[in-house]
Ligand SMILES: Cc1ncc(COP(=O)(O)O)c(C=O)c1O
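Below, in structure tokens: the form predicted alone, a single chain.
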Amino acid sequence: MIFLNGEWMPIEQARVPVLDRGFIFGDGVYEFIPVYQRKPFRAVPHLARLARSLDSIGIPNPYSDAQWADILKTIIAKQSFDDQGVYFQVTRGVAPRDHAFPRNPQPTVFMMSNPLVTPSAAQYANGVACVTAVDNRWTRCDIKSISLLGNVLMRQLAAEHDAVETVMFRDGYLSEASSSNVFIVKDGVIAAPVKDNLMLHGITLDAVIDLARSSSMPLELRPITASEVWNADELWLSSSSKEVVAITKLDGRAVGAAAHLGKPGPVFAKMHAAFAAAKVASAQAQA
């Protein structure tokens, strides 16, 4: 069952008018919340990011946080599987085609939930391959917009090279990957780019930062050069569906320090364990 504009229905029955601005202009935003054992993971910051994205493009938030939480709880309960990925998007709604905003818009709200697909045990154990590219997207990547053509093209580049992600650089500095944030590790210190308008402010990125701090793992948030990426002891991806996974091959070259070249490193092992424990603790706290 899916949720569309206040109604529950099978996805096959869902209909959106062709003049919806999400269809015409990509004029909308979205969120994706992972669910473990029927308990959402970090729902509050996800809903806060949704509110920021809506505010950034001038779409009125159609629901309060409490209403969103209630709908989220309901859609989780309606599914037959325990671990879920809840996707929802809000567009500016239906209006005659005109680039300018319509007056008094009525947002379109769509939500669906599917089984949560995370990296396989082999990918956690062995890491994944990525490729690199120049980040040529717009400069408001902090808005979680449904206008994802730039990200789609970057993800397709990765797919064409049998890789899971494209790691992007803008003006010689690391930004992010096509649908993930990126961390480096050097001499035991975890580093990530400072959150700005050139990258998505990942909720899982924040979870990793919180876990690093609570576990006394050295951490820096700062600009990261391309050279630092290529010379890192470890590289990681983080996202709501990937959780945290190590990059062990980049543009066909093995990644890592000599002791674990082409394999996940020891700092990743600590973070992977910490993240797994955090998922369990979050579900238990909501039981």
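Small disclaimer: the values here were computed from a predicted structure and weren't measured. All residue numbers are counted from 1 along the displayed sequence.
The same protein has a further form, the form predicted in complex with the ligand, not shown here; the description that follows concerns it.
**Student:** Of Thr132, Gln123, Thr118, Asn151, which one comes within 4.5 Å of the ligand in the predicted complex, counting heavy atoms only?
**Tutor:** Here the answer is residue option Asn151.
**Student:** If you check Arg137, Lys186, Lys195, Arg170 against the ligand in the predicted complex, which one has a heavy atom within 4.5 Å?
**Tutor:** Contact check passes for Arg137.
**Student:** Decide whether Arg92 counts as a contact residue for the ligand in the predicted complex under a heavy atom distance cut-off of 4.5 Å.
**Tutor:** Result no; Arg92 lies far from the ligand in the predicted complex.
**Student:** Is there a heavy atom of Gln84 no more than 4.5 Å from a heavy atom of the ligand in the predicted complex?
**Tutor:** No, Gln84 sits far enough from the ligand in the predicted complex that none of its heavy atoms falls within 4.5 Å.
**Student:** Against the ligand in the predicted complex, would Pro107 count as a contact residue? Criterion: heavy atoms within 4.5 Å.
**Tutor:** No, Pro107 is distant from the partner.
**Student:** Flag Ser240 as yes or no: does it have a non-hydrogen atom within 4.5 angstroms of any non-hydrogen atom of the ligand in the predicted complex?
**Tutor:** The answer is yes: Ser240 has a heavy atom within 4.5 Å of the ligand.
**Student:** Looking at heavy atoms inside 4.5 Å, which stretch does the ligand contact in the predicted complex, given the options 94-102, 213-221, 143-151, 109-117?
**Tutor:** Contact-bearing stretch, as computed: 143-151.
**Student:** Quick one: which residues from 159-196 get a non-hydrogen atom within 4.5 Å of the ligand in the predicted complex?
**Tutor:** Glu176, Ala177, Ser178, Ser179, Ser180, Asn181, in sequence order.
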